[in-house]
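Next up is one chain by itself, shown in structure tokens, the form predicted on its own.
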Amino acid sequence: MADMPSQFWAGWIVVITVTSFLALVWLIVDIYRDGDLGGEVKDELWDETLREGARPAPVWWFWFILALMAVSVVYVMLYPGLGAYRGALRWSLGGQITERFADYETQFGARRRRILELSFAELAHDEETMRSAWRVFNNHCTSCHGRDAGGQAQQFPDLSDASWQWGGSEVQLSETIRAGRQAAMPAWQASIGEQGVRRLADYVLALAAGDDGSAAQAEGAGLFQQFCTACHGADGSGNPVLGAPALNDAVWLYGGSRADVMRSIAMGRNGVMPTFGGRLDETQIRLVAAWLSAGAKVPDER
């Protein structure tokens, strides 16, 4: 976007500004100039207490307004205000922003580039870097995942543990933050019926508890092999490529009660992690990923 308007709009801005200014000058002078009041002025009384006067406003108002107008003239001479005229000082908001970015790059550029070169393990040993990482997380992620990254509302996952639905490597964590994720757990009630949902939920809970080999779980095991292994694996260990979580542990995003598991199976789940690639730059993304990889420890800000 250009700093200054096009020639067409610049001309109209000049005309409107100058015309309005001259009209204001004429109005102020006309109000305060000496002259005949046009005959006798009636002593009008409005609404019992509001009386019409015949005297003009105080003269100091005139000089005050005139001084403000003089300041306005000086302003449009020094700064942009008349169409495409940039002013004697050549100031622009775009130029100010560019200058601030240049100052920021001079002060922090080398350190930011170094963050992109260091491994997560090396970044985790730098306390100041981890404090900076947590500040980025606090500004952009706490509304969903909580200040301590512990998740909340059985909707947003705990990011402080070692369980990663989409993988916990440097590349996978950074990609999750940068591009976002869209999970898709289909609803199975129409396919397996209400009784099938109960049997499958019982099997999944037994799988998580390490007790999935009993005869009572045979029907649920068959349903699991038929409907669930393609995403979650035959042993329920999950598949980070598909975003299919492990079912053979005690980590439950949407709740681990029998009712919660049954609802997940019957109705499905569709979690969404928004993309932050347009909000955070690569250095900030790497900082947050490194902080999460290091255990998401909230630093002491005192």
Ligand code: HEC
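Predicted model, so just to flag it, every value in this text is computed and none were measured. Don't overthink the numbering: it's just position in the shown sequence, from 1.
Although not depicted, the form predicted in complex with the named molecule is the subject of the following passage.
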Are His145, Phe156 and Cys231 jointly within 4.5 Å of the named molecule in the model of the complex, each by at least one heavy atom?
-> yes
How about Gln165: is it within 4.5 Å of the named molecule in the model of the complex, going by heavy atoms?
-> yes
Consider Leu50 of the chain shown here, and say whether it contacts the named molecule in the model of the complex, taking contact as heavy atoms within 4.5 Å.
-> no
Contact of Phe137 with the named molecule in the model of the complex (heavy atom, 4.5 Å) = yes
Flag Phe227 as yes or no: does it have a non-hydrogen atom within 4.5 angstroms of any non-hydrogen atom of the named molecule in the model of the complex?
-> yes
When the named molecule is placed as it is in the model of the complex, which of 119-127, 184-192, 98-106, 77-85 ends up with heavy atoms within 4.5 Å of it?
-> 184-192
Within 226-261, the residues having any heavy atom within 4.5 Å of the named molecule in the model of the complex are Phe227, Cys228, Cys231, His232, Leu242, Gly243, Ala244, Pro245, Leu247, Val251, Trp252, Leu253, Tyr254, Gly255, Val261
